[in-house]
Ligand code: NAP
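Form predicted on its own, single chain, as structure tokens, below.
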């Protein structure tokens, strides 16, 4: 078990990609903190699934845009497990705002959740990792940050591009201290939320644009996150690993 005796925190892990990452980390031996903001029931389902694997798990409610709550989550994790080996920044949302009609408050909300929260979480956990001289931080970006997204998600695309810049810059500071910082940029990943907000005809057009002819899965993103957290990621610094079925090839 390549992650045995390690503790992993995954933000926004009550469903979707976050849940897929949390479950994958547990399958490879890690104990997992499942962060959520509103999905308590869903988070507890993930915790139960991890417990059934024989691993320890803890659901922690925290708004990752609030630095006090972020620090409290770090403290809670350390009090329970004594260490944080891997931190996965995943929490986010794309409300599909059209820029001409978007208010400055809406823009700030999207950037706060999808970018500022990554800064707050990195800052909160990096002191502990620096003291230990080791750690992994994995930031979930998006294909939208690489090529631009839809015409109605300028704010989200800007945030996801910012995550890539944050990852590369922080990686240079962190690597000499034994902390490896990398990112994953998923393409279209099949989640329940996708089917809630995007009409079927548009979903079909997305599939038609994917050379592999299908959406990715949260489980596949989880497997890649495990690779970055484990021995396979031991010489990766500041990388943004693209995972989109060939939709965007840089």
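This one's a predicted model, so the numbers in the text were calculated from it and none came from an experiment. Positions refer to the first chain, counted from 1.
Not on display, but discussed next: the form predicted in complex with the ligand.
- Between the ligand and the residues 224, 50, 58, 62, the one pair within 4.5 Å by heavy atoms in the predicted complex involves 62.
- Checking 164, 120, 126, 91 for any heavy atom within 4.5 Å of the ligand in the predicted complex turns up a single hit: 91.
- Although the partner is absent here, residue 22 is not a contact residue: none of its heavy atoms lies within 4.5 angstroms of the ligand in the predicted complex.
- Taking non-hydrogen atoms only, residue 205 never approaches the ligand to within 4.5 angstroms in the predicted complex.
- Within this chain, residue 229 is remote from the site of the ligand in the predicted complex, having no heavy atom within 4.5 Å.
- Although the partner is absent from this view, residue 9 stays clear of the ligand in the predicted complex, with no non-hydrogen atom inside 4.5 angstroms.
- Candidate site formed by 37, 140 and 156: every one of these residues places a non-hydrogen atom within 4.5 angstroms of the ligand in the predicted complex.
- Looking at 113-133, the residues that come within 4.5 Å of the ligand in the predicted complex, counting any heavy atom, are 113, 114, 118.
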